[in-house]
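Read the single chain below, which is given as structure tokens and is the form predicted on its own.
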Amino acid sequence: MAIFGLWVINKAGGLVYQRNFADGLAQLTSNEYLVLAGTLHGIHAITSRLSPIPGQSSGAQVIEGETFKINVLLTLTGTKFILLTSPAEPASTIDVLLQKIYSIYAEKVMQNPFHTPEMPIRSEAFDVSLGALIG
């Protein structure tokens, strides 16, 4: 399974977590990651309004390029989990993986009494669990 990276974007469009899992990815600055997260947040908001049936779309779930695929999981609280993968990864596998990541987030981050919601995620337990899941 080729997983390149994970981003977590809060409901306001701010990047609260970013981690690369593959070598060879372009190294962006912190500012570039923040701009990219805000852009994806905006694209997601716009695409949720493009549905021909009002109120029936939650926005873009997959954005595919030649060498990568951006997979989006929107939670009920508005938090977005963005997983960068190879285009060859099947959607069913990615959906299961995103749900597992969300479960780890709920357990290791949201149940942590020292974490403030909507703020950057700084949890070693979350990092370790992600590393065990993705590698």
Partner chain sequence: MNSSVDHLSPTTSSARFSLPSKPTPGLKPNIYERNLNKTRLSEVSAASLSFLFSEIVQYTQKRVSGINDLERRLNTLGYRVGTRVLELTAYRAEFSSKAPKREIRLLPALMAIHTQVWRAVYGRPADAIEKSVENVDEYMIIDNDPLIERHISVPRDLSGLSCSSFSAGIVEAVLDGLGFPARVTAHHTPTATHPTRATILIKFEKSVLDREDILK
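Residue numbers count along the first chain shown, from 1. Computed from a predicted model, the values in this text were never measured in an experiment.
Below: the form predicted together with its partner chain, not depicted.
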Subject >> 4.5 angstroms heavy atom contact with its partner chain in the predicted bound form for Gln18 >> reply: no
Original post:
Is there a non-hydrogen atom of Ala125 within 4.5 angstroms of a non-hydrogen atom of its partner chain in the predicted bound form?
Top reply: yes
**OP:** Would you please decide whether Glu107 lies within 4.5 angstroms of its partner chain in the predicted bound form, comparing each non-hydrogen atom pair?
**Re:** yes
